[in-house]
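Let's start with one chain on its own, the form predicted on its own, as structure tokens.
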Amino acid sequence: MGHNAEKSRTPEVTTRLRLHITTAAEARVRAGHPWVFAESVREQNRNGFTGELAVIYDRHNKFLAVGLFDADSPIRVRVLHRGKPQTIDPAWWTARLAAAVGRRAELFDARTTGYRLINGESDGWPGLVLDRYGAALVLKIYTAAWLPGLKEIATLIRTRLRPERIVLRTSRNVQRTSESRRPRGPDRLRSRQPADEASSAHLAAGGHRHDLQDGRMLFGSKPRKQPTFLENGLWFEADVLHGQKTGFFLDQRENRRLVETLARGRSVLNAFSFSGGFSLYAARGGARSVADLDISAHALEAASRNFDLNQLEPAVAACPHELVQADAFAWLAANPRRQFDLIILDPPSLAKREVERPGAIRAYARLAKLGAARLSPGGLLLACSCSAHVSAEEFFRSVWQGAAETGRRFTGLRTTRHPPDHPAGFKEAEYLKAIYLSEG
């Protein structure tokens, strides 16, 4: 089941895939970057199969790194290990899982049962995340390179973490891969035998198409209703089968907690509210009223259910909760008389590709102007971005610009970035940023 970085015993392929990359790519890998792009591969000894290990050698033909090969992705290799050669065997994978879980061991108490256990490249699992929602785990993969070992990964997670169920979520590119081609190649995690042909993760030569329907169960029964979990003592439901990301926006936990401390006595507007997380924290913090604004009726229904889950909290039960279904940009522009003491702007990514970056920067400035104009005198504005292609500096500058265009004076209270269970170990992983402004 292991792979030595120098040698393969896999029956389907007798020679390990060996790559040489450009000098610039070598420098990036040595510096810790986890991706090798297709254009950086200058030489390889044979065609590679998606999901097998590729060993990268430097210009002196010495071992540099080993990673997962993806024949169909611009990111040709996702680095697992660099430095001295190691055997990638079950013990290695077990230790890597234990390390990721261990980094979260002291972060949460019994009042929080929803958080990220593995955050992709930044935890040494490139292209894979694992989130906990109470007794349910959600495994999401962003590269087909994980498919050959999917069954074994699920078994490892099940054995070590003992969840009630494990749900598989797949990115669109993985779904397209599984639907459009019949993958071939050796099992990434086994050295002696290919994967069990009955497994949905089978990628051996002549293997079957994958059952990779987004939301399928890797372990346990499909939940009859959406699982619930605790976050700082508040109950939320997670749409683990079909919801955005893995079912909830766990990465905004720290900003939600900050909003709670700022909400007392204030009227609150939560724009792009999704399932009402910010509003629920504001209500518990003593907000005078909260309004959820979202274009999705499904999201607003989820927000209503989350409020229902927390009616035993006196402050939540006492707080008026308004639901507004509308486009946030249009509603803010069309309702100049509606004012709020605290406005939260947390839109979805406005730049999913680099070419969209300039337009996103302008949109963030416009949104900040619309939000700041709706503030009551002395109000607070929280603006967030989850666009990796827009840097923190560009985003903060656009928010300041938009707020200034209202002609009102603002003071910066603080900025925030990634929470500790969502570490960002390299530049492309840095997507989340937020800024708090106060008028006056």
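Source: prediction; values computed, not measured. The first residue of the sequence shown is number 1, and the count goes up from there.
Below, we turn to the form predicted together with a small molecule, even though it does not appear here.
When contacts are defined as a non-hydrogen atom within 4.5 Å, none of Y115, A135 and E164 contacts the small molecule in the predicted bound form. Of the candidate stretches 135-143, 307-315, 242-250, 116-124, only 242-250 has residues with heavy atoms within 4.5 Å of the small molecule in the predicted bound form. This chain lacks the partner; the member of A365, I157, A299, L218 within 4.5 angstroms of the small molecule in the predicted bound form by a non-hydrogen atom is A299. The partner is absent here; in the predicted bound form, the one residue of E152, E237, D346, E260 having a heavy atom within 4.5 Å of the small molecule is D346. Although the partner is absent here, E322 lies well away from the small molecule in the predicted bound form, with no heavy atom inside 4.5 Å. At a distance threshold of 4.5 angstroms between non-hydrogen atoms, A333 is out of contact with the small molecule in the predicted bound form. A98 falls outside the set of residues with a heavy atom inside 4.5 Å of the small molecule in the predicted bound form. In the predicted bound form, the small molecule sits within 4.5 Å of a heavy atom of A326.
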